[in-house]
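Just the one chain here, laid out as structure tokens, in the form predicted alone.
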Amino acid sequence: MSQNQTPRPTESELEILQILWEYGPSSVRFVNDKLNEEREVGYTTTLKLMQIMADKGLARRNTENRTHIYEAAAGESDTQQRLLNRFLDRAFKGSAMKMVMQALGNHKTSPEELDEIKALIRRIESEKD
């Protein structure tokens, strides 16, 4: 399935993907335990979501052992880029500047974050030269 055909994960699916990206291939029990650290989620709900994710192509399921192990089908940065591109296109009509101005104007940005942003801008400018 190509990047453009990969379905956009729901918020619940994205929570599961975050766990799979952080911890690697995991059992449903492990993922459910991690989800329950933030809020109560039933095991069968987690199981069903992960089965749906496998059917949609968001996750891969290894059924070689009794305990099925799931892993993210796409990398974290690839998924973030795809979601960001869709968001940028839909919410800001493709204008990265509008998005950045909105983000910086509505949130308290630490001096360290501002330094990182400035360094990124300098790097992008130097690559264009």
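Note that the coordinates shown come from a computational prediction; the quantities given were computed from them, not determined experimentally. A residue's number is simply how far along the shown sequence it sits, counting from 1.
Beyond what is shown, the protein has a form predicted together with the DNA; the following relates to that form.
Q: Check, residue by residue, if L17, D78 and F87 all come within 4.5 Å of the DNA in the predicted bound form, counting heavy atoms only.
A: Per the other structure, none of L17, D78 and F87 touch the DNA.
Q: Indicate whether the DNA has at least one heavy atom within 4.5 Å of a heavy atom of K98 in the predicted bound form.
A: No, K98 is distant from the partner.
Q: I'd like to know if G42 sits close to the DNA in the predicted bound form, meaning any non-hydrogen atom pair within 4.5 angstroms.
A: Residue-level check for G42: yes, a contact with the DNA.
Q: Using the partner position in the predicted bound form, report whether T67 sits within 4.5 Å of the DNA, counting heavy atoms only.
A: Yes, T67 is a contact residue.
Q: Would L49 sit within 4.5 Å of the DNA in the predicted bound form, counting heavy atoms only?
A: The answer is yes: L49 has a heavy atom within 4.5 Å of the DNA.
Q: Looking at R82, K56, R60, K34 here, can you tell me which has any non-hydrogen atom within 4.5 angstroms of the DNA in the predicted bound form?
A: Contact check passes for K56.
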